[in-house]
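In the block that follows, a single chain appears as structure tokens, in the form predicted alone.
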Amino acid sequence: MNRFSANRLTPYLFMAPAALVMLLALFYPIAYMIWGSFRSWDPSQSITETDFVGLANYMKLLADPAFHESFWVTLVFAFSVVSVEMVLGVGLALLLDRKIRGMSLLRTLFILPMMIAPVVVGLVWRYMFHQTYGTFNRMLDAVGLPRVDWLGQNPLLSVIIADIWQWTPFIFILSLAALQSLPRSALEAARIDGATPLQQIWHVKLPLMAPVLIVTLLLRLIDAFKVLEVILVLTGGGPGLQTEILALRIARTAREFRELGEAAAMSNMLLMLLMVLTLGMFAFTRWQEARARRLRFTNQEES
């Protein structure tokens, strides 16, 4: 090996131990879960004592109406909460992106819901939705409207409201940070060209914020697919299967039904779904960047 090759390999040799530890820590649990999904696995057994069943756990899930129901509830919940949170969070950031006295205090108050433990959030909202003593029904009584059985007749809407309350501040904080880091020259140029505030938002601010918003959207979407504690405390997945999202069904399958192999198969299917969404989001980002490059190139040629 000559001296040039040795110099090129030296950084990789120093990085190798850390990379090996990281790979083991990252991929061993995933590999364990994938292997477990092909086994008939009872919690009383170690994985070496289990029987190999191939794709039986996956085939059973694909034919299970309860799994289909949980999958659908998960999709509705995740896309509903993320859509509303993005609109509210970005809207609040655009509204408050100005010099306001007490802005630091306002930001702290906004992020308070994120700091509360999910179990506590579930308990608080369970009390607020209570049919007899709940805050919302007392307010309806005060204005002469009939009471609503929030958790009995509208359980999914109730958990969606609780999630939006807790996580909209996350979108708001990241959007506000993105807004305040935008190049002032671009905004000033738009103002000089006579763009209205709405045109500045639509044609300048939102396109420049797009990379941050896409990452924020992805993070929230991944988190929304895995939410568990709030729904567990608020509705327990009921009534029936109306709020039993996949994370809750996985926990019940593993603990109550004692089917670790089936729970691992469900986890893998959820993982694959999130990977597809992540890759789709990255592909969309790359397409946007390529499109922006093409537009810049076309504009330069025309000028």
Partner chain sequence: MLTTLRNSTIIATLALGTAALAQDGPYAPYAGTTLVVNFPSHPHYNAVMEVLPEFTAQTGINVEVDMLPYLDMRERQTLELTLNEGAYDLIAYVVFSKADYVYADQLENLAKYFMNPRLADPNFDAKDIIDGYLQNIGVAGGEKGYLPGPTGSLFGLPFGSETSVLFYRSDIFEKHGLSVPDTYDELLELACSIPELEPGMGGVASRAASGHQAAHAFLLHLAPLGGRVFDDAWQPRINDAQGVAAAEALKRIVDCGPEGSSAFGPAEAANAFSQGQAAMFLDTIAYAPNLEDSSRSAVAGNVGYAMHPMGVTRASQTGGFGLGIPANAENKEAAFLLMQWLTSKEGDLAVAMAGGNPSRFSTYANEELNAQYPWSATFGAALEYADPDWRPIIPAWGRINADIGTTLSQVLTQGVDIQEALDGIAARTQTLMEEQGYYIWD
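Treat the numbers as computed from the prediction; the structure is a model and nothing was measured. Residue numbers count along the first chain shown, from 1.
What comes next is about the form predicted in complex with the partner chain, which is not displayed.
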If the cut-off is 4.5 angstroms on heavy atoms, which of these, V53, L241, L270, I250, is the one near the partner chain in the predicted bound form? L241
Heavy atom within 4.5 Å of the partner chain in the predicted bound form: which of R147, R191, K226, R107? R147
In the predicted bound form, is there a heavy atom of the partner chain that lies within 4.5 Å of any heavy atom of H68, even though the partner is absent here? no
Though only this chain appears here, would S44 touch the partner chain in the predicted bound form if you measure heavy atom gaps against 4.5 Å? yes
Given that the partner is absent here, does T135 sit within 4.5 Å of the partner chain in the predicted bound form, heavy atoms only? no
Taking 4.5 angstroms as the cut-off for heavy atoms, does Y28 touch the partner chain in the predicted bound form? no
Interface segment, criterion being heavy atoms within 4.5 Å of the partner chain in the predicted bound form, picked from 193 to 201, 78 to 86, 147 to 155, 109 to 117: 147 to 155
